[in-house]
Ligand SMILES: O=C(O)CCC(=O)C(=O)O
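The chain below stands alone, shown as structure tokens; this is the form predicted on its own.
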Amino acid sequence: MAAAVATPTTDLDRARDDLDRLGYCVVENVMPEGLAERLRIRVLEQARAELGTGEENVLDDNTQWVANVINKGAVFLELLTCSEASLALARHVLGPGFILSCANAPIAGPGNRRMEMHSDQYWTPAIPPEGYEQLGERGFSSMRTADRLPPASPGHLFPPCMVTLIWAVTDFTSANGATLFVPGSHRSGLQPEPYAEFDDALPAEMPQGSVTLWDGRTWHATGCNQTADEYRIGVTNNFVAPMIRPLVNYPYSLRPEVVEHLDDSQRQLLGFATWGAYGNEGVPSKRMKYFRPSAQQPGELRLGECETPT
């Protein structure tokens, strides 16, 4: 009998099955040796340096988010493409061509409150027969427990448009605030009531160097850190389908010294690559695979002035 909770595995077939059935999966031993420790040092150094500068984002007095980390150290860019297994699992849900929406480093300190239960893909509700909500609206149902979740009618369930990854920079345990999930909620077509108790929500525990991935429709929340002095540190990568507007406009906001060292895989994930249906730059062409900066774009021309862009 298939398990009703995802536990750490190195078997990608099992991870795909967990994603499909439960809405999330946990994969262990995916980071190269030493990467988690380098990430831990960089996250804590950045977090301490941001305090008092106006750049810090502190919640509940003891939870700090280090935002937009791709600009804040080469180690975060390394993490983005360090695991073909994680990219393959994201591709399993989103298909090819997905891009990064945002990357952050949450630090859950002792005594933090549980985050409100939510799904990341709140903007794609189920479509009931009598009509639909505007996709810019965020509503929620009165559903409080997973055992009463009705399945959405076939044809009325919006497909997944987002996959979120949280990398375990430190161990994630039930005691230190591991992410809580309501298994199977991704197929309900509903949004949770934010601060209902959800006694049936289950923690995704995993050792340092692992990653948890979830379907953007899955109900989840950061757990409570009940330890006395342990900080739970992660790095999140939110991937979206290529036609979805990302939270961060990387071609605009990345620092020049970061852009200079991007490889082709990173350029594609960060939204520099054209895509055949939405977001293409001008006429599709193999020599226009990547977006060009403004200085290389043709402007207003007159007869006799046109030059072939480089």
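The structure displayed is predicted, hence computed values, not measured ones. The first residue of the sequence shown is number 1, and the count goes up from there.
The next section is about a form of this same protein that is not shown, the form predicted together with the named molecule.
**Q** Does any part of Gly209 reach within 4.5 Å of the named molecule in the predicted bound form? Heavy atoms only, please.
**A** Outside the cut-off, so no.
**Q** My question is simply whether Gly109 lines the interface with the named molecule in the predicted bound form - judged by any non-hydrogen atom within 4.5 Å.
**A** Gly109: no contact with the named molecule in the predicted bound form.
**Q** Thr170 versus the named molecule, in the predicted bound form: is there a non-hydrogen atom within 4.5 Å?
**A** No, no contact at 4.5 Å.
**Q** Would you classify Glu205 as touching the named molecule in the predicted bound form, given a 4.5 Å non-hydrogen atom cut-off?
**A** Residue-level check for Glu205: no, no contact with the named molecule.
**Q** Establish, in the predicted bound form, whether Trp65, His220 and Thr236 all lie within 4.5 Å of the named molecule, using non-hydrogen atoms for the distance.
**A** The answer is yes: all three residues contact the partner (heavy atom, 4.5 Å cut-off).
**Q** So which stretch, 186-194, 92-100, 220-228, 69-77, is the one near the named molecule in the predicted bound form (non-hydrogen atoms, 4.5 Å)?
**A** Stretch with heavy atoms near the partner: 220-228.
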